[in-house]
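Encoded as structure tokens, the following chain is the form predicted on its own, with no partner shown.
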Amino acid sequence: MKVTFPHMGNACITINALLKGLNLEVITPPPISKKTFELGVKYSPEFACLPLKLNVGNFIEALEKGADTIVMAGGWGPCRFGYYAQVERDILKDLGYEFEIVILEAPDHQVSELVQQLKSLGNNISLWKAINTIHFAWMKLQAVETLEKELEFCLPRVIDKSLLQKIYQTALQDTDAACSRKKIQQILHQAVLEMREIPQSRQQIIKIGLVGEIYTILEPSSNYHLIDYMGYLGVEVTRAIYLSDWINDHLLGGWIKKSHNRHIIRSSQPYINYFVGGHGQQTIGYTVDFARRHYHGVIQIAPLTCMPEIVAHSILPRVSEAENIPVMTMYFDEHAGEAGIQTRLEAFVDMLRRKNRRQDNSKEA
């Protein structure tokens, strides 16, 4: 069995550790590129959202490298994600590819169900081995997200941004290759130390909350590396969603770490008080939360035609006015242009800087 999976940000580091720990041969798809976009767009329905198209591109490239089994998450609710695996399977079968697809359905907060699903996927492994593998993969995920958050904090502040990026990328590669918990801790400690030692400028930092659909937030190629670009503009970006939060809240029922989901859902009221699929309700809740934590602005991002985020988008103007926080929405598909995206981001940041200066001047007066 040669197993592959779709890319979503740095999730491949965790998924590699998980699948290899289950004694499976892993075929990691090539990094998402222009070719990946072209393959996905060519063979997917025109009005399918961008994540599905990128998944199809990932799978075609991995199958061409010899993969014979696809591992894909399942889903439920109004979001179309629950149909991804079936649609992608039919597309690839029509193209003539021979493969098996394994769909890991959400276990309804029962950790034992998740362990059993992974154990059944593994190649003749014990229950104890499956539990240890999950724990090791979780540790890698925690290390990766610590690096991501450190990058998001340091990038707008440091003078030598290319050095920061180099340290970050090297640490990710080393974490992917690490074979022990001790090694992961050493890599993380050293990388964070080096990142914090880079000299910092004294420019004013604008803080922006990033809300929206999970794939578009976590996969840089789908948002045209928005977080990095904002860092170069002197903006500290805080994501509403990290992969560990999603796993903890939706797969493990808050079992591993403290969940903030209840607080976010409460924050979304009275603007929206029901589940609309995906992360639509959380988009509203996090926007309110960012406003009350005195962030300068919020950016909502999502794939074009994403229904839950369209619902949230219709409510955000009222939230923006009531909570006194500027909000900008950006939708992405294969027709989005990098220059136009960067222009909109620059204009939004300039507006926030002017607003912040006016507030500072009024306080001094």
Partner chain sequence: MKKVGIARALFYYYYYPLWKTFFQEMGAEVLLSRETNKLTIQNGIDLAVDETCFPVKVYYGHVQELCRQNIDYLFLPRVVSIEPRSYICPKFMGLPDMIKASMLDLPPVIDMVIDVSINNKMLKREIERIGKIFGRRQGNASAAYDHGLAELEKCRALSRQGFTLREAVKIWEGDPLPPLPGPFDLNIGLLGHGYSLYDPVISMNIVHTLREMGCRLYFPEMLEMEDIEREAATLPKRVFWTLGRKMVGSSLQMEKDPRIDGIIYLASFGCGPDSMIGETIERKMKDKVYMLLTVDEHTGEAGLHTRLEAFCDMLRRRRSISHESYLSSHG
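Numbering follows the first chain given and starts at 1. Fair warning: this is a prediction, and the values are worked out from it, not measured in the lab.
Keep in mind the form predicted in complex with its partner chain is missing from the figure; the text below concerns it.
- Note on contacts: among 173, 273, 132, 123, the single residue with a heavy atom within 4.5 Å of its partner chain in the predicted bound form is 273.
- The partner is not drawn, yet in the predicted bound form one stretch among 204 to 212, 189 to 197, 234 to 242, 90 to 98 has residues with heavy atoms inside 4.5 Å of its partner chain: 90 to 98.
- The closest non-hydrogen atom of residue 137 lies beyond 4.5 Å of its partner chain in the predicted bound form.
- For the chain shown alone, residue 314 is a contact residue for its partner chain in the predicted bound form, at least one non-hydrogen atom being within 4.5 angstroms.
- Contact check for residue 78: a non-hydrogen atom falls within 4.5 Å of its partner chain in the predicted bound form.
- Using a 4.5 Å cutoff between non-hydrogen atoms, residue 105 counts as a contact of its partner chain in the predicted bound form.
- Of all the residues from 46 to 63, those having a non-hydrogen atom no more than 4.5 Å from its partner chain in the predicted bound form are 46, 47, 48, 52.
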